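The chain below stands alone and is given as structure tokens, in the form predicted alone.
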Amino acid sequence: MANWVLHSLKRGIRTERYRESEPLPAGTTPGRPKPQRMDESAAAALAECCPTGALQVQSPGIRVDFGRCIHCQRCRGDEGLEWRQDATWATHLEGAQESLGGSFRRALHVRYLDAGACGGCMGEARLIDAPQYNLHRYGIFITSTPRDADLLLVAGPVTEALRRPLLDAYEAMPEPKRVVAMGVCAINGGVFGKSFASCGGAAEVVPVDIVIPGCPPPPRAIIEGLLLAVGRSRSAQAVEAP
């Protein structure tokens, strides 16, 4: 035990200087494709290779629907799209409730809910409480019960088996409350879509206020989405055009 204490003292503080250091270090996130100007034929070829229809030709270039992008990276390369490193992925949905303010800016309690995810999004979400990211410094805390939660963070396409638990968790939360859909699957069902086993995105069951695109979104993007929920971050565009 003493050796670990000594080791930690020698290494010093390991928490990253998030929101103060740019660009993001390599490996923090795969990035996102950037809308660009290009020839119509080149844009059409890239749009054709996208398996989810996230790339769409829009003169004079190509636009990206991040609500569909699964980061397959087929559009990446010397003749493909440039990928940018950033963390501002989250956006408010049209007609959604405003960000929580007041005391929620200093103390926000979050409840995770895996509604049928593959594990990718939840794996990234677990990292936001790790020492490197240190979620508590923003006044954000993870709670084990929806009765103490101010925000419900949902991952995965909502399976039929999790439809009722998701609704129960939402109804158990005290007002005011917000819901954040994390990852493409929670936004619209992703590659799974709707079927006999899945009802699609979280918005099919509960009101969703904020979405965090990605497959999966990296920890920084998740943190930025939570900060957006309390009005401490600027919103990104879910769909961007050149």
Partner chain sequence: MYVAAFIALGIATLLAFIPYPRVRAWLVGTCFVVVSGFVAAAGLMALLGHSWGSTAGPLALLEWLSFGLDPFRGFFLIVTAVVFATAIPLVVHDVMTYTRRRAGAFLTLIALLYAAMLAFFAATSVVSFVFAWEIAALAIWALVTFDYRLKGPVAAGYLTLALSEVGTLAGMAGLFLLAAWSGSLQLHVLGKMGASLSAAPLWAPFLLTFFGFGVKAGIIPVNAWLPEAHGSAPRSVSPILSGATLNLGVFALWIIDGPIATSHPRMALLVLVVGAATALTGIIYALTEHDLKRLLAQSSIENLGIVVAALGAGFAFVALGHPLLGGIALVAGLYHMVNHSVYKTALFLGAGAIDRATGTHDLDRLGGLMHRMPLLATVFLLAALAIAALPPFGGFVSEWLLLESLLRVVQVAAVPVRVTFALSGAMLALTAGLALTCFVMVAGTALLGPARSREAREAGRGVRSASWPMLVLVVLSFGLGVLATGFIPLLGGLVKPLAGADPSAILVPTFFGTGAGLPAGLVGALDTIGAGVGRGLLPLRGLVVLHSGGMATPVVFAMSMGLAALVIGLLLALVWVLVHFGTRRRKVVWRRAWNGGLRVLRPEMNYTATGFAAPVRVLFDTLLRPTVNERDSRQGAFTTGVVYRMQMVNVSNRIFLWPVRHAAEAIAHRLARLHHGTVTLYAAWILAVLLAALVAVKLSL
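Source: prediction; values computed, not measured. Residue numbers count along the first chain shown, from 1.
FYI, the form predicted together with the partner chain isn't displayed, but the following is about it.
Looking at T145, you'd find a heavy atom of it within 4.5 angstroms of the partner chain in the model of the complex. In the model of the complex, the partner chain sits within 4.5 Å of a heavy atom belonging to P165.
Proximity of E171 to the partner chain in the model of the complex: non-hydrogen atoms within 4.5 Å are present.
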